[in-house]
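A lone chain, given as structure tokens: the form predicted on its own.
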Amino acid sequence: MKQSASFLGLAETLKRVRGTRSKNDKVRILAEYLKPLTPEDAKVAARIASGRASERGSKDEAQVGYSTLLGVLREVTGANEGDVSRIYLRHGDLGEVAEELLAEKKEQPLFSEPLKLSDLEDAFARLRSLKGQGSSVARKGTVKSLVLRATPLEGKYVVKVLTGEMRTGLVSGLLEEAIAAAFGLSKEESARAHMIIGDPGDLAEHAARGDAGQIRIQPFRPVNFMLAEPMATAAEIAQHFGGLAYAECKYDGVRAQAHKSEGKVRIYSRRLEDVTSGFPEVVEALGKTSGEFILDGEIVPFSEGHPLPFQLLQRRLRRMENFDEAARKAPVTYFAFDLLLRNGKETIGLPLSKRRSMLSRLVQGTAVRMAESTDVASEEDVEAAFRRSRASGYEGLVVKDPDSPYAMGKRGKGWVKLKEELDTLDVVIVAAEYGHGKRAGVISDYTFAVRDGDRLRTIGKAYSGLTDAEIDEMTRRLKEITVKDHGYRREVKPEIVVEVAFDSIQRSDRHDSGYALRFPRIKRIRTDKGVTDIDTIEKVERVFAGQRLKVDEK
């Protein structure tokens, strides 16, 4: 049996990939590395190259927290917290920190053999299996055994994959191309197989075995979901389609793929994880349909003909309550809107109009509901459908081309979505944190507050919405007004006012205002306003009371 390949070879390959901006060179370098590997090693290497330590869709992740990794690095290298903080602020990447620190190891393993890809696979499998009492100590020990044996470069990529922060520029399409080039597939065959099989490691293993071209959609192997392209206005959407389109309510629930075969039903999330056990009433409803199928749809908290707040569904997903209590507070309905497989035959290439007709017949007479939809052909039609959806408590619209195929994993313009923010608040920044990766060295995560009498109460945190130039200027200003420097985080004088948009407000103990904003993003920096001009807790309470759906997280 051929011995597993060294991990150092992969680490050196990833370094070369990261060091070039040329997409063609990235593909060529990785393909040359993958080509001589066994199917088993190709699986491990491709998965690590994608930045994952676990199969996509795995319920158990091998990712390890920053605190564990920092603890291991300090033990192995003798670095103190100040050293680590200083190096991290320079790089903004824990993998880079590991490489620098591991050049000066203070501790060595008793027996040292070069790391092999199979060693990484075994360690990641062990990390996935650790549960319950004593698991944190065992987890740290497993990571430490890898780091002790690793060269500085290997240590860098061990840490990068465990934190999910690979950043080599190997996006999904380039990885597919590299696997295709290594094992004699066409780009189209590789892309299709990846969309069906979901995991780059599994794709590489099948490609190395020579059977990737025969992969087909089948029950209980979830495929990548089709996505909708965002558009800003009803006019833009109407112009884009230029004629008849389907406008479906955009539900605020859990996107879910439903599979049925031989009387069994399984449900998979957007991340391809099996979530069947959380929704027995959906399983029961789907079980009353006939034949074999794969459906795309949304699990929505729904009662007496109306949606309920999404936060109730989050509690259920997190198992914060027993099932009977959760089902009472957040009964759910499965809204189906597409059909991918029917009785062994793929339907993804059929036009949406045909798939919807087949789907309607399939769910008729069951508790599964078809997604609410209306035909639209003009800006006025789209705007009216959007307002009806919002008035019913939904997020907005997804508008679809009746002739569109189901494009697995693609965000094409066969489907587009229209949403609307709930409101905005003028808030003041009271704390901020350094970013990482591309935002290393700049302060890009901002905690903000509203007024409560003569006090400031935090209500959220945002890290999106500003340009690079605005972030650079914000970094300079925040450093100037820092009250207390904690290394990664700074408390600042409440001087910088920003306008923040959000989708909803919920009661929450996470912030001392007693509220939290959902999906906050910065709309603009309000240089024309000071801390006395920001919004108050009274406005927050009014918006909360007036929103269509609301929940008390506490």
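From a predicted model like this one, the values you see are computed outputs, not experimental measurements. For every residue, the number given is its place in the sequence shown, counted from 1. Only the largest set of C-alpha atoms that superpose within 1.5 Å between the two forms is called the rigid core.
Form predicted together with a small molecule: not shown, discussed below.
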Checklist line | Residue among Ala449, Ala228, Ala431, Met231 with a heavy atom within 4.5 Å of the small molecule in the predicted complex | finding: Ala228
Checklist line | Contacting member of Arg74, Lys479, Arg369, Lys419, with respect to the small molecule in the predicted complex [4.5 Å, heavy atom] | finding: Lys419
Note to self: in the predicted complex, is there a heavy atom of the small molecule that lies within 4.5 Å of any heavy atom of Lys156, even though the partner is absent here?
What the structure shows: no
Notebook entry, point to check: Hey, in the predicted complex, does Arg526 get a heavy atom within 4.5 angstroms of the small molecule?
Noted result: yes
Checklist line | is_contact(Tyr251, the small molecule) in the predicted complex, heavy atom dist at most 4.5 Å | finding: yes
Check: How about Phe337: is it within 4.5 Å of the small molecule in the predicted complex, going by heavy atoms?
Finding: yes
Next item on the list: Choose from 124 to 132, 397 to 405, 186 to 194, 234 to 242 the stretch whose residues reach within 4.5 Å of the small molecule in the predicted complex, heavy atoms counted.
Entry: 397 to 405
Checklist line | Core superposition between the shown form and the other one, C-alpha change of Ile534 at least 2 Å | finding: yes
Item checked: Core superposition between the shown form and the other one, C-alpha change of Gly396 at least 2 Å -> yes
Notebook entry, point to check: Would you say Cys249 moves between the shown form and the other one, meaning its CA shifts by 2 Å or more once the core is fitted?
Noted result: yes
